[in-house]
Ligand code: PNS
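Shown below, as structure tokens, is a lone chain in the form predicted alone; questions about how it binds or moves come after it.
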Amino acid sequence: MHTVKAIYPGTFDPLTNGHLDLIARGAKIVDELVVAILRNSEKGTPLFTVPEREEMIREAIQGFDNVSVTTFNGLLVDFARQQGAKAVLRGIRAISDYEYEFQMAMMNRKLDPELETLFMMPAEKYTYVSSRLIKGVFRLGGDVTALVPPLVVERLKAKTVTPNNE
């Protein structure tokens, strides 16, 4: 029997409900979905450590029998090959995402013609949500409870230093 394993790579700093939406829908399409946290990202200094992000994702994906979480460094195509994955799952929220993701998909195809890219759009209510926006809004005192899992809200609060606990 032919099974399809896909990689859902990202920094997930922090995990959002948009990410979870793609995980849930991706898990219905493929036989096995690996949520892969990129350890060395070019996105600057992360708010959460890799082990913290891994723990949050593990908690959030409980109940998904065909979803696992791990970390990786280096080229995604090399990691996908090591994992025996046939596809990469990527989310697209806007045209700007598409341009970047298209470029990455074409480079991945050049590096490994056997690796397919599956583009998925998040649910409409999450199309504007990004980890960067979540961090920014939260730092400025905004309410992000409808945009991230409760466990992420708890950890965001724990990371925040307020005048009362300095």
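The structure displayed is predicted, hence computed values, not measured ones. Sequential numbering from 1, following the sequence displayed.
Not pictured, yet referred to below: the form predicted together with the named molecule.
**Q** On the criterion of a non-hydrogen atom at 4.5 angstroms or closer, are Leu76, Arg90 and Met107 all touching the named molecule in the model of the complex?
**A** Judged in the model of the complex, Leu76, Arg90 and Met107 all sit within 4.5 Å of the named molecule.
**Q** Please identify the residue among Met56, Ala27, Leu118, Leu38 with any heavy atom within 4.5 Å of the named molecule in the model of the complex.
**A** Checked against the cut-off, the match is Leu38.
**Q** Heavy atoms within 4.5 Å of the named molecule in the model of the complex: which of the stretches 66-74, 44-52, 118-126, 132-140 has them?
**A** Result of the contact check: 66-74.
**Q** If we define contact as a non-hydrogen atom of the residue within 4.5 angstroms of the partner, is Pro9 a contact of the named molecule in the model of the complex?
**A** Contact check for Pro9: yes, within 4.5 Å of the named molecule in the model of the complex.
**Q** Counting only non-hydrogen atoms and a 4.5 angstroms cut-off, does Tyr100 reach the named molecule in the model of the complex?
**A** Contact with the named molecule, yes.
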